[in-house]
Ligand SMILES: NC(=O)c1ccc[n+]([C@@H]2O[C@H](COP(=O)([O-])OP(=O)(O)OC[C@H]3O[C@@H](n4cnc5c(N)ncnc54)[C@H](OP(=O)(O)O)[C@@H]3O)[C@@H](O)[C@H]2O)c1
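Below sits a lone chain in structure tokens, taken as the form predicted alone.
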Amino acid sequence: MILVTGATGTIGGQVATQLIAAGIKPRLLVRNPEKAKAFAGKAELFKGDLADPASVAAALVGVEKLFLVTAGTEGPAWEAAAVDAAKVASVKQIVKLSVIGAEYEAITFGKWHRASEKKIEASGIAWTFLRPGNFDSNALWWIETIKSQGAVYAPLGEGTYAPIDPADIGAVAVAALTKPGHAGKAYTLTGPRALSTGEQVAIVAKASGRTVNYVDVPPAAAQDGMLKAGMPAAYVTALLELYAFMKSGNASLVTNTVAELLGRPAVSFEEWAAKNAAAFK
């Protein structure tokens, strides 16, 4: 049995969907089964929450492999508790969604994820770490201002990074969960080309047939907007640190890992934008 956490989210949803497509019926740990009703009959829906250790322990009964994903400031604590529960349940492998550069612990997000990686390494359970960069789908955050103002606002300057299609991350996760040879491996995953935010905006504009401008905003303005949107202050601080790192050009790494693992090229941002153009129209 494979347990997937985060199945109503971007990457966990891809993992669940692709496992099902491969003929596997996974167990999905979900806070709200109603949000996972598309998986009904195709997966075993288990109501629970990583913030509730008892529900995690119950969900892990009979599980051999765990796909572990969390987000936010509580992530390290939730993942640590899940690892402890997995050890008690004799789980054989954990595939963890981490973040690009976690091994360097250079910024807060990396430190959070590396703490979880270290916990997993110390558990004695076989592990695989997926360390992707920015998701193509993060461009969906731009929809509101694209439609209302014909613009995208971000404090990223001309810094480049190689966004990756979530479906590619899901495919790598499924391979790690279902095929031998991935234990003890940490995979840095990127899309095929580093692009600035302005270049990505232009690609989305072309795909959707809209005129869209990229506006590089000061970090203080971005901070104000995120706080007003209700984001926790600690998470906003970590995001601003990440944005500064990206703006400086330190996030431009491109790897060929997706192609090497899947035997096909990684999906380009242009391909992703074409598939999702309707969302921006």
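Source: prediction; values computed, not measured. Residue numbers here begin at 1 and follow the sequence given.
This protein has a second form, the form predicted in complex with the ligand, left out of what is shown; the following refers to that one.
Interface residue remark: Ser98 is counted as part of the site for the ligand in the model of the complex, having a heavy atom within 4.5 Å. Remark: Asn134 counts among the residues lining the ligand in the model of the complex, judged by a heavy atom distance of 4.5 Å or less. Contact between Thr10 and the ligand in the model of the complex is found at the 4.5 Å heavy atom cutoff. Among residues of the shown chain, Val69 is one whose heavy atoms approach the ligand to within 4.5 Å in the model of the complex. For the options Phe109, Trp142, Trp127, Tyr187, the one in contact with the ligand in the model of the complex, meaning a heavy atom within 4.5 Å, is Phe109.
Contact with the ligand in the model of the complex, defined as a heavy atom within 4.5 Å, holds for exactly one of Glu241, Glu64, Asp49, Glu44, namely Asp49.
Site residues Pro53, Arg114 and Lys119 are none of them in contact with the ligand in the model of the complex, judged by any heavy atom within 4.5 Å. Comment: 71-79 is the region of 86-94, 191-199, 71-79, 178-186 lying near the ligand in the model of the complex, near meaning a non-hydrogen atom within 4.5 Å.
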